[in-house]
Ligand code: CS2
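Next up: just one chain, as structure tokens, the form predicted alone.
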Amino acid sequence: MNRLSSATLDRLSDDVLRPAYDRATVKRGVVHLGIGAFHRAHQAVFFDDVMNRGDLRWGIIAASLRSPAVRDQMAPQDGLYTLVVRDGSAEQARIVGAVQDVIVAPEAPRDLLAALARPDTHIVTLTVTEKGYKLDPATGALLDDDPQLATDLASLDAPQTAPGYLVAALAMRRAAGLSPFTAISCDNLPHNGARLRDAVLGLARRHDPALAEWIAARGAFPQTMVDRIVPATIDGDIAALAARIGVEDRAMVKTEPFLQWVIEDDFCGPRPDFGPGVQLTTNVAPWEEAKLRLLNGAHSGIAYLGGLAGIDHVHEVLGVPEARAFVEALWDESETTLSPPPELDVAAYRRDLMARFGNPTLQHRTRQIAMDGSQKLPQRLLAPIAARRAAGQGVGALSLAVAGWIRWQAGRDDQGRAHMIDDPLGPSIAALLAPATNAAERVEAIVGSDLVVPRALRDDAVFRDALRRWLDLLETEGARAALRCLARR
């Protein structure tokens, strides 16, 4: 079957939406670091919308900082891909044309630096995951012992990290008399703009304090909150789409109808009129906190407890009454730690989240969400736990979710099926847990370490006791028994 490309657009079925602009006339005003499914289902769609409305300054040069896989999917397709939006029995297919080129940074570091340093580049967006910022999750300091960052600390001639590329490109722009670009983190990090700024300025100071001062004075790192559920594409999705639209698309992404982007209105250069779905605000933090602690916190709990129970997909986990009750209980606890903006109706948001989680057509795998837990737990679960303990409140459901993560580190579910621990701190956590012989010792090893748990919780007896009880129950009777126990409370 023919691949999707500029040459095959006219062969698509009539119900497929196509770009309304001439891609040959697009200027490349955006560079995106970390192209993957989420970027293609989120930020790229917004820039595509802007160009569909006639502002053609916002084409995207995308970059993978690691693998050539996405480049190899998109290059034969001229950067085109299909966004498949599923909701129950309804499905809408749309061709997105915003991505103009894909660079594989390890193969062509100078090409990526040149793209970042171009005068037309006004915005740089990032989805490099929590581990891509090379910051200690607890302290926010640069991870000097990270091998890639150590290379960038020695030289920025061929950067290895996202902060390294940004610092090197900003140095090139300064030398050329250009203004900085606006750098927008789109990862699920608390205060993600400040974290990105800290990483960039921290690395810049180590090379050239004057450059760091210039970036601090003239650059911009707005806070953002991004929201859309984007499960991994499987071969069956590609085959089903090909049968429907008449061409094969190896770069397709599937998602839900919901789409939201909240951005701090702090740009140092041109920006588009983003239009519907983007909210510019002076204070992103309340939106970010609600999303991290409600959507992402529940997702992590569902991933570990559902995964341990041998349940493959999020909607299937919610089909278990005790699991649904667990999610509501976790939300009850986390909600007390929020300071929602007036525009956010938390009760309605919770109802919408439950409906989104229950969308069976997404086929969102628990094991996909379980990745990189050490980087996600501090903001999703441990932060609301610390807030509740500071207020003298209990943490029953939240601590069960954390205990599920500890249990996940054993590498087998309740049925004995093996799973991979896909986490940058996986080996360190395994070494930490290796000497422990029971649940109490495993909890002491985790809570007493600097790796994941914040200092505020180290000596909290209520938190430790709750973790120990839940982990013991998970190890002896399994996740379903633990969920039933919580539901009876």
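Numbers follow the displayed sequence, beginning with 1. Source: prediction; values computed, not measured.
Although not depicted, the form predicted in complex with D-mannonic acid (CS2) is the subject of the following passage.
Judged against D-mannonic acid (CS2) in the predicted complex with a 4.5 angstroms heavy atom cut-off, the residues Asn188, His364 and Arg380 are in contact without exception. From the list 331-339, 397-405, 151-159, 220-228, the contact stretch for D-mannonic acid (CS2) in the predicted complex under a 4.5 Å heavy atom rule is 220-228. With a 4.5 Å cutoff on heavy atoms, Gln100 does not count as touching D-mannonic acid (CS2) in the predicted complex; it lies far away. Shown alone here, Lys291 lies within 4.5 Å of D-mannonic acid (CS2) in the predicted complex, counting heavy atoms only. Proximity of His299 to D-mannonic acid (CS2) in the predicted complex: non-hydrogen atoms within 4.5 Å are present. For the chain shown alone, Ala386 is not a contact residue for D-mannonic acid (CS2) in the predicted complex, no non-hydrogen atom being within 4.5 angstroms. Screening Val278, Leu142, Ile369, Leu116 for any heavy atom within 4.5 Å of D-mannonic acid (CS2) in the predicted complex leaves a single hit, Ile369. Only one of Leu295, Ala242, Ile311, Leu201 lies close to D-mannonic acid (CS2) in the predicted complex, with a heavy atom inside 4.5 Å, and it is Leu295.
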